[in-house]
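Take a look at this one chain, the form predicted on its own, written out in structure tokens.
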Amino acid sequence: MDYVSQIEEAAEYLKSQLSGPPKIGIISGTGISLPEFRLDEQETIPFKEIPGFLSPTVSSHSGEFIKGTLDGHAIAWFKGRHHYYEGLSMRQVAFPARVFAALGGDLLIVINAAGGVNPDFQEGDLALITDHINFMQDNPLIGENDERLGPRFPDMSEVYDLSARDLLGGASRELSIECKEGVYLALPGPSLETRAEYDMIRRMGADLVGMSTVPEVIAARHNGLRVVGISIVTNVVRPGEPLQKTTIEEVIETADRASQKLGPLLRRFVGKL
């Protein structure tokens, strides 16, 4: 079965489980539980039950498709994501974003946990992604292009939708939840960054660094979806300060704690759409 047929098969299965096409999609990652983002009529489908989906091998990713509604909007939430460092192809990593587009989606919200290299950031900050740098040495569009998905050379001049970012910024101000902004750089992982790598990342113009999101976003834009991205800053590296040892457990703890304020922010944002 070719790639497009796999996408269509997964989408047809999910359509049979949905009351209507979801216009808003969410892909969330490490330690991001969003306890305050309970959907109405919420139902959960494990990834393993959806054709073509893989169960994440990372313990902090539950691997669930959650459907529901919020303020009259049908929501498709992919809780847990696939990563390049799991030994997957870029096409496999981007698969959920492709399926959301095939469901008739319009706006994809991508959420990740990221390291901060901007000295103005603090642990636990929320940051809107204004742009990204693909430093993963691969791209989900490499190979023969299928025009059913999108053009051979998709435009990336405005990857993260400006109007959606403005609405999200307005929601944060209304709730008095500070939301910073920054450029996200993606590395393949899974090793965490060295001091020299952090310094390089900052010199390259990035504020945030992680191991996900960019493949999904490239595929989403290729499919014509609008995208908005949010990072939870889990640790900050500042120039001239010693590099502190970081564990995945600390990253998960910080991401989970910060997701307490992200849930209300997303609810207000969806209400503005």
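The first residue of the shown sequence is 1; numbering continues from there. Remember, it's a predicted structure, so these values are computed and weren't measured experimentally.
Keep in mind that the form predicted in complex with a small molecule is missing from the display, and what follows is about it.
- A residue is said to contact a partner when one of its heavy atoms sits within 4.5 Å of a partner heavy atom; Val228 fails this definition for the small molecule in the predicted complex, lying far away.
- At a distance threshold of 4.5 angstroms between non-hydrogen atoms, Ile66 is out of contact with the small molecule in the predicted complex.
- Although the partner is absent here, Gly115 lies within 4.5 Å of the small molecule in the predicted complex, judged by heavy atoms.
- Mapping the unseen interface onto this chain, Asn223 falls outside it, with no heavy atom inside 4.5 Å of the small molecule in the predicted complex.
- When you look in the predicted complex, the only residue of Ala258, Val251, Leu14, Ile24 with a non-hydrogen atom within 4.5 Å of the small molecule is Val251.
- A single residue from the set Trp77, Tyr84, Tyr160, Tyr198 has any heavy atom within 4.5 angstroms of the small molecule in the predicted complex; that residue is Tyr198.
- With the partner omitted here, the stretch from 202 to 210, 66 to 74, 43 to 51, 215 to 223 that lies within 4.5 Å of the small molecule by heavy atoms in the predicted complex is 202 to 210.
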